[in-house]
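The form predicted alone is given below as one chain in C-alpha cells.
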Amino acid sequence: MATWSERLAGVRGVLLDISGVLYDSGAGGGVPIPGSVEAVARLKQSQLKVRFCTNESQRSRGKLVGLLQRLGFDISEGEVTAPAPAACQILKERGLRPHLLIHDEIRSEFDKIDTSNPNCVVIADACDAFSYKNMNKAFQVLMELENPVLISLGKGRYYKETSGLMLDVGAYMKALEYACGVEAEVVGKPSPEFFQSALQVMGVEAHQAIMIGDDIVGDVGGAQRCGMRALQVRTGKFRPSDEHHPEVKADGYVDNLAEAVDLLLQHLDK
C-alpha cells in the first residue's frame, strides 16, 4: 500500500461523518468518542476546510448540532450537510407530496411541505415508529400510486449506540422496495449528489477531499465513487471484517478520528 504521504497528498478539504466518528448516540444524547472533540478543534484551526456530512435522520439538523455543542464540539448548523433539508428541496422541485414515515424529531424539517393527498413516500430512521401498522400504511400508499416514488433518507444497514448496534433505515427501505417492486431514491450517503453538494459548499474538488467515516459502504465506498479518498475509523459501526470487504477498500484504516487528524496534519502540503 502507498505511504501515508502519498495517500494524503493534496488534501484541501475534510468531510466528517458524525455518528460513530464524533460520538456514539444513546441514553442522555450520547457520548463523544475519546479524542474526537479535540480532533475537530485541531482540524478547524488548520488550513483545511471542514464539513460534517451525516445521514442522521432521528434529529433535526438544529437539534443534532445543539447536542454536539453540548458535548463540546465546535460546530454550527451551517457546517452540516444532512438528508432532511436535501429531501425537502427535492420534494419542492418535483411537486411531490410525501407520506412521511419518519422520526417525530425531524417532522419540523418538513413543516413547509404539503403532505395532503400523498404522491410519494419518504422514509427515514423512524426508530420505534417502524411498526407493522406504519410500514403497512407506507406500503399501501405506494401500491395505490400509478408511478410510485419512494425516497429514503440514507440506506444504512445499522449504526452503533452506546447500548449496542441498532437497525437503520436501509433494512426497512429494502422491505418496501421488495414488497412494492420499486427502487428507492436515496437522499444521503452514498448518493453521489449528496457528496457533491457538500463539496460544492466547501469549494473543493473531489480529488482534493477526503471522507472520514465508520461505514465501509456508505462513507468509504460512496466517497470513493465520487472521486474522493476515504479513511475508515475503527469506531462506531466498524467491524473487523470491513478491512476485508469484497468490494470496498479504504485508502486507510485508523483507530479513531484523533489518529486520522494526526496523519492529515502531519502530511499537510507534503
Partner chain sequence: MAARRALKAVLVDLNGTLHIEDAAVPGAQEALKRLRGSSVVVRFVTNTTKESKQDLLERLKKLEFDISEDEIFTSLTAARSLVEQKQVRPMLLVDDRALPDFKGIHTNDPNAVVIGLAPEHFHYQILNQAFRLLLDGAPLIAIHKARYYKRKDGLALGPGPFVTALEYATDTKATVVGKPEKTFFLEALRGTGCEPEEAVMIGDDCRDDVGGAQNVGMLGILVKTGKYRAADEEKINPSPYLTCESFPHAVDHILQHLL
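Residue numbers count along the first chain shown, from 1. Because the structure is a prediction, the values reported are computed rather than measured.
Not on display, but discussed next: the form predicted together with its partner chain.
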Checklist entry - So which stretch, 91-99, 67-75, 196-204, 177-185, is the one near its partner chain in the predicted bound form (non-hydrogen atoms, 4.5 Å)? => result 177-185
Next on the checklist: its partner chain is absent from this chain, but in the predicted bound form, do 208, 249 and 253 each have a non-hydrogen atom within 4.5 Å of it?
Outcome noted: no
Next on the checklist: Residue-level contact is defined here as any heavy atom of the residue lying within 4.5 Å of its partner chain in the predicted bound form; does residue 130 satisfy this criterion?
Outcome noted: yes
Next on the checklist: Using a 4.5 angstroms cut-off on non-hydrogen atoms, would residue 103 count as touching its partner chain in the predicted bound form?
Outcome noted: no
Item to check | 4.5 Å heavy atom contact, residue 157 to its partner chain in the predicted bound form | outcome: yes
Checklist entry - Quick one: does residue 171 come within 4.5 Å of its partner chain in the predicted bound form, counting heavy atoms only? => result yes
Item to check | in the predicted bound form, the one of 151, 86, 166, 80 near its partner chain [non-hydrogen atom within 4.5 angstroms] | outcome: 166
Next on the checklist: Need the contact residues for 223-249: heavy atom within 4.5 Å of its partner chain in the predicted bound form, sequence order, or none if there are none.
Outcome noted: 239
